[in-house]
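Laid out below as structure tokens are two forms of one and the same protein chain, each shown alone and named structure 1 and structure 2.
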Structure 1
């Protein structure tokens, strides 16, 4: 593709004998918000530090606009970072903080003044230019860090867990503001986060990492609808997963043998990442899942075209716009369903041992390998 800005090619990073990143290749497009998502310790921060230049890869290379920048030190890369702790210099006021990077570039004083003023305007801090960092709130300090990085007009802006240090309410507002800011300046953002909701809300594309391997790169909608495997599906939202014991080929597709649901006929090709074993004795590494928002509950036996399972109604947790009902299956497991509040209100409490059916359409189910081979 012509508008690739950062190209990560076959990057492996070892710390001693530990492999923090294993052969990662990603192309990041000009002007997009790209999220690196994964649980803590998955290697996403290491990858960000490699792009910024604070770590050097054990193997592989990094291209910026098609040119190798692997050996460039951080101060020579046209890439800037908003640190997780913001790293606002405590001994300089807001203005000096923002001007610092331009002074290092030896930009003329007059131009520095103008550009700093514009940058502060962009992050709504014009009235705070003479303040010291310890006179600012956490959110304001983050804006200083943002302005300080953006004023350098970087090719790429890196944001390390940009919202994790803010309180819940501010976080939502800032999420929106970051997206707006990105739209107005047009700089490519690479965001590291462990919060899937944050990544889904902000990013154009998301790379899901797990223990140093890349599991999937896709848009939020794609990731949600077609996760590569059970790990990604579970990490992006919640799922109710059922282990597939056996798969056998039938005329119209495959038959899935599942302890809890019986035999389910799957009328299409299973994903290529699932191997259908030759013998029925072999273990199948696949799950059939349904998201809680697709599960309905009823006190009567549901229609035949629905996949259903019988159980006892457990706790109902009120969530605001909706409620989450727990269904206790007879084998001791529980699955969850998102139900409307008015339905939740007429249902009796958990101690009433009400027998119910959880049911959903087969079209809402995901047939996934337990673990897809890393990209």
Structure 2
């Protein structure tokens, strides 16, 4: 994937005095699954509507294959959209639903039949062509909507929360189906979702948005291992974060003064987005964080080479292959650890007064700014 198919350049969108998107620039590559991820109200659906042509930007431009499509109406763009509700016509059978767009474009009947057959085969619905939507499952109706979009042979397919209406088990199955479908047809997918697991499982790259700003664009693995700031780290998966109260320079790096953990020596260069205050009076906007899978728990004091914190055992939640243990700290907050089920069975979860230590290696921690400058 080396060719940019969609280029979003300096896009700003205002609704009255509200700035829904603020100077967003992203290049999306030919043939990739690209996810727009963020909490409700972050601007991801607005950006999708701008790409589709249902909204117009207040500033900036949108390019497709290097050609400006900012002023083009939706029906003139080689882009199709699958809505969250699927929007299949209840009075039409599957075949007619898929053929509808081609009939509106007055495509010859023979070509319509051929293209509909190919589209239904792509989504594994060839044997369901004469069924009505009320005779289909939720996953099958979603595939009808996909076939109706694919039959028009778009360069880009937009999917707005495509799996949100499905139950958990079907959602997992449809993730795999969508990835396989995209690989077989080679169309660029741009997906809007607020579900981190969905984006991480499907996308080649993810753009994380927050309050109309672009926080980070990276692969799922890069976002998880190297988040740009505390917001991205917290939004992508679970994380235990500790506020840094002071940073001071030492011979080997910096010393991080953290109320809950004491003084931690950081032997690497701090990120350039974290400034070292000239005075201890200055506020530090940074966190030191660790993912739950790197946290171990024990009922005895851990080795000196481990970062540790003492608390009491809280709830233990069985998750199938592992369990999540809650450690309640003396200041009232909790952190979590992912532990093996055999350890979960040994720990006396009913004894809420049991003193335990959560501990981990400093090498597994992330020093992050609370908020990096937007891209």
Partner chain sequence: MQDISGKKSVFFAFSAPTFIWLTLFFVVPLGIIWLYSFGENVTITKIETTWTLDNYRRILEPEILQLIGRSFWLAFVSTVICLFVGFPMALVIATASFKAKPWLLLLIMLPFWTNLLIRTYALLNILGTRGRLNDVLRWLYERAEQFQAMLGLERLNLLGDGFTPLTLLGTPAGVIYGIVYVSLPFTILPIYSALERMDNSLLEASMDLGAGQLQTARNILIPLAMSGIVTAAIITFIPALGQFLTPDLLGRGQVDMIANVIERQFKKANDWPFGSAISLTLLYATFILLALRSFYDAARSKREGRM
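Positions refer to the first chain, counted from 1. By rigid core we mean the largest C-alpha set that fits within 1.5 Å across both forms. Because the structure is a prediction, the values reported are computed rather than measured.
* Asked: With each form of the chain shown alone, which structure should be assigned as the form predicted together with the partner chain?
  -> Answer is structure 1, the other one does not fit.
* residue 113 C-alpha moves between structures 1 and 2 by 2 Å or more, core aligned -> False for residue 113: its C-alpha shift is below 2 Å.
* Asked: Once you line up the core, how about residue 180: does its CA shift reach 2 Å between structures 1 and 2?
  -> For residue 180, whose C-alpha is compared between structures 1 and 2 after core superposition, the shift is less than 2 Å.
* Kindly check if the Cα atom of residue 104 is displaced 2 angstroms or more between structures 1 and 2 relative to the superposed rigid core. => Superposed on the core, residue 104 moves its C-alpha 2 Å or more between structures 1 and 2.
* Per-residue Cα shift, residue 92, between structures 1 and 2 [Å; core superposed] -> That residue's C-alpha is offset by 3.2 Å.
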